[in-house]
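Given next, in structure tokens, is a single chain: the form predicted alone.
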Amino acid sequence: MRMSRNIVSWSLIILLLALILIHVNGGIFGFNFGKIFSSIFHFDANDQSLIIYRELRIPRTFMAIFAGMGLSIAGLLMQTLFNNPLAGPSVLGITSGASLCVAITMMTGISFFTSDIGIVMIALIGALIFSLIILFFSMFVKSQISLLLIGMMLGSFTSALIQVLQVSSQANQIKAFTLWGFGSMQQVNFNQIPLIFGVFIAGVFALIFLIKPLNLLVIGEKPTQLLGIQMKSFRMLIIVVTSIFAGLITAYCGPISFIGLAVPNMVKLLYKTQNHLQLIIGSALVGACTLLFCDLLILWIEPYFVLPLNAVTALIGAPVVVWIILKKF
């Protein structure tokens, strides 16, 4: 069984590398490693092909990888914490919290909030606040369906607040927020990569302290407490890590749906284990492959018409979620 999991992991790594090479070349099955290398380490502003790689293709590929990884890991953490296969950043309203705060930043005109650091900070704060709200309700609501309904109501509440903001906003602000809400990997430039990478690595580092408690949480909260795990601190750390991933990705890519919900469930079927080290690695690999593939479809269709990323993820993710519901409930 362990050998089969290793085969799955190596197969996913090979698939991921292939998708990266195709994606960074704009969806074309032809690779120019020299141009890619030069655009990063020997950039010449007078070379148009290097500008295309540096400013368009590399940031887009980078963001697709890390957005897929982050949303999938965040979904896995939520599903384990709430013991609910239908939990996820978008379903439980965490992404909605980040979206609300980003909407406020886009429609206020405050200079700090429109900076890279300001947008990331406000999105992380929004995701954290709504994560804490969901955690609070989970202490009183025992039904999985009730918790999901609360998450949906939070999403509806934030949508209403955003509509109120839009009524009093200027046309260009509304247009910018609407385009952002479609979801896209094209909103990141090369200079933003270090900041995104740094925040993402901080979230990954925190995961090291979660793996053992997550494995214990599978058997239940009471046995986990008896084995010496402080549940309050543990829950808070999960919420913080989830907020880091969901807030960061929502800030730069918009509210991307279904990835955090569908991918962890697919990984559990592939790996057939409760070992969260393997599940985290698998979620990262499958999530990156899935979002790269979705964005590749957009690249291939672009000559004919522009397709929002959320439309593609919904077309792929919705059938998976329906299948999960039929199987679990």
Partner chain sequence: MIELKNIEIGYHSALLSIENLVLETGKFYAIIGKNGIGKTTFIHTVLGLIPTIKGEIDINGQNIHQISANQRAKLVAHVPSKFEGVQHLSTRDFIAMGRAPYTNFLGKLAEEDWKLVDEISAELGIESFLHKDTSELSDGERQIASIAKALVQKTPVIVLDEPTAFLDYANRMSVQKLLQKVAKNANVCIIQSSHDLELCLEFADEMLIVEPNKKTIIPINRANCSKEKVIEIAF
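As the structure is a computational prediction, the values presented were derived from the model and not from experiment. Numbering follows the first chain given and starts at 1.
The same protein has a further form, the form predicted in complex with its partner chain, not shown here; the description that follows concerns it.
Note that among 217-225, 240-248, 68-76, 86-94, the stretch whose heavy atoms approach its partner chain to within 4.5 Å in the predicted complex is 217-225. At a distance threshold of 4.5 angstroms between non-hydrogen atoms, residue 230 is in contact with its partner chain in the predicted complex. In the predicted complex, its partner chain lies within 4.5 Å of some heavy atom of residue 209. Contact annotation: residue 272 falls within 4.5 Å of its partner chain in the predicted complex, judged by heavy atom distances. Taking non-hydrogen atoms only, residue 35 never approaches its partner chain to within 4.5 angstroms in the predicted complex.
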